[in-house]
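Just the one chain here, the form predicted alone, laid out as structure tokens.
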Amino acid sequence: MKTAGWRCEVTSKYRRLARQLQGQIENGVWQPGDKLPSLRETVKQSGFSLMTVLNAYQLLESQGWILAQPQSGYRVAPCQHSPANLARPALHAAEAVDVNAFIFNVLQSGQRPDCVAFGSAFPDASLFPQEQLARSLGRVARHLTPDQQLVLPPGCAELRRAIARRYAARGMEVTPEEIVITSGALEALNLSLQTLTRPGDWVVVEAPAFYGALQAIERLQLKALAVPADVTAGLDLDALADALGRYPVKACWLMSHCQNPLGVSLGVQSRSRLLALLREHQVPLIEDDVYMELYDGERAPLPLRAQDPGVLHCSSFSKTLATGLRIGWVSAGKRAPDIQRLQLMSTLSTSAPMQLALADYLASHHYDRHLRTLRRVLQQRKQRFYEALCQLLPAQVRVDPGTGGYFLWLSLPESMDATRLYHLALAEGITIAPGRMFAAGEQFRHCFRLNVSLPWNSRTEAAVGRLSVLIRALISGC
């Protein structure tokens, strides 16, 4: 058993390295004819073993991306995979966004209790500390006074101080006065967008994007500029520069870490260039950072808010503590009063008992221990699903695990429609999130997102097996 597990780990590592190198070639980091770093140099840079690096290079060679040259190492293959011959993802400008009806239908179908919910946006609820939260809620309920039953914006002072202390622990200066408590991160994001825009304004989002951003743009009658992102490098900053230069953009709604649905995180240099571009064009940034605690590795990545205090940083506890809490926040800086006024006119306030219960739980210092366990379990589960899918699916299907979180992004052959797969799977009690949910256009119709936070058991194993059978049948019928 140990040997088999070790082989699976090595397999996933060399495929991951191969994808990274392939992405660099696609993005023009390595040009046709360029000599790649030697095996030993790559071992040193990547931290992988010599065998893992060699397997990755051999895989790329077998796929025609690189050529092995005797006594000279490896070079990028000419012509066929050159960036000049690859279609660069186009900036998609949508005067009107019309996605809400489709998204509503998909989300409603995912509520069926008999379904294996691979299409869900939320992690497995059994991973949350439900008993500890219940005790906190019980303590709050026993001592709740009449004047605590309604807490107007900006929200419970104890909770805002607790969140400010978590920022401070990461070296960030955020005062409780800058923080507005909201009903989940989605309200924080929507209020931030509404504060910055008026109907008819242009807003930059990623492509693919979190469907909540597209719904907000549709609801507020805004125009979407969808800047392409890929699973290797994240947001295309050249395309962003083009968008900012050509359109009067009023706001950007982006995810720098563990982007939904791709799972990609921006590198250090990309983060700096992104902020520089936005400063140059005086465009405010709304940072959707709901997966901030679900990172891979030992160190938590800093949000963009750490480099620019003008960023509206939005997050929540829905992905780490309990979906039903619906407690989020925005660190809004000088725009906090504007956010509060809008909230007062819309939802009035966020549940006072829930805010107090969450503040009580955070004071117990159990949260960080819970997060360490949660990250470890999610990483293990994602790895198990990833390995199974790589074994079961045909070579024409690409599976991207991303960095952190609990989603996998799958790309079918471009001639296929994942919405058809969605309907076939739903008929068999399996949900997926088809690519049409994540774009105003059809460019991701062949893709879909899988939630792999569920436990690997006979039910989920059977569902993965059945999904692979459906995919193979669709491919053979193309």
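We number the residues from 1 along the sequence you see. Bear in mind that the values here come from a model prediction, so they are computed numbers and not experimental data. Take the two forms, find the largest set of C-alpha atoms that superpose within 1.5 Å, and that set is the rigid core.
Although it is not shown, the form predicted in complex with a further copy of the same chain is what the next lines describe.
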Tell me, which of V268, A363, A395, A125 has a heavy atom within 4.5 angstroms of a further copy of the same chain in the model of the complex?
-> A125
Option touching a further copy of the same chain, based on a heavy atom within 4.5 Å in the model of the complex, out of S272, T232, Q379, T175 = T175
Stretch in contact in the model of the complex with a further copy of the same chain, which is absent here, among 256 to 264, 283 to 291, 322 to 330, 224 to 232 (heavy atoms within 4.5 Å) | 322 to 330
With heavy atoms only and a cut-off of 4.5 Å, decide whether K44 touches a further copy of the same chain in the model of the complex.
-> yes
Given that the partner is absent here, does D34 sit within 4.5 Å of a further copy of the same chain in the model of the complex, heavy atoms only?
-> yes
Check whether R341 has any heavy atom within 4.5 Å of a heavy atom of a further copy of the same chain in the model of the complex, and answer yes or no.
-> yes
Using 4.5 Å between non-hydrogen atoms, is R335 touching a further copy of the same chain in the model of the complex?
-> no
All of L137, T145 and E187 within 4.5 Å of a further copy of the same chain in the model of the complex, heavy atom check = yes
Interface residues of 345 to 362 toward a further copy of the same chain, as seen in the model of the complex [heavy atoms, 4.5 Å] | M345, S346, T347, L348, S349, T350, S351, A352, P353, M354
2 Å or more on the CA of Q20 between this form and the one not shown, with the rigid core superposed, yes or no?
-> yes
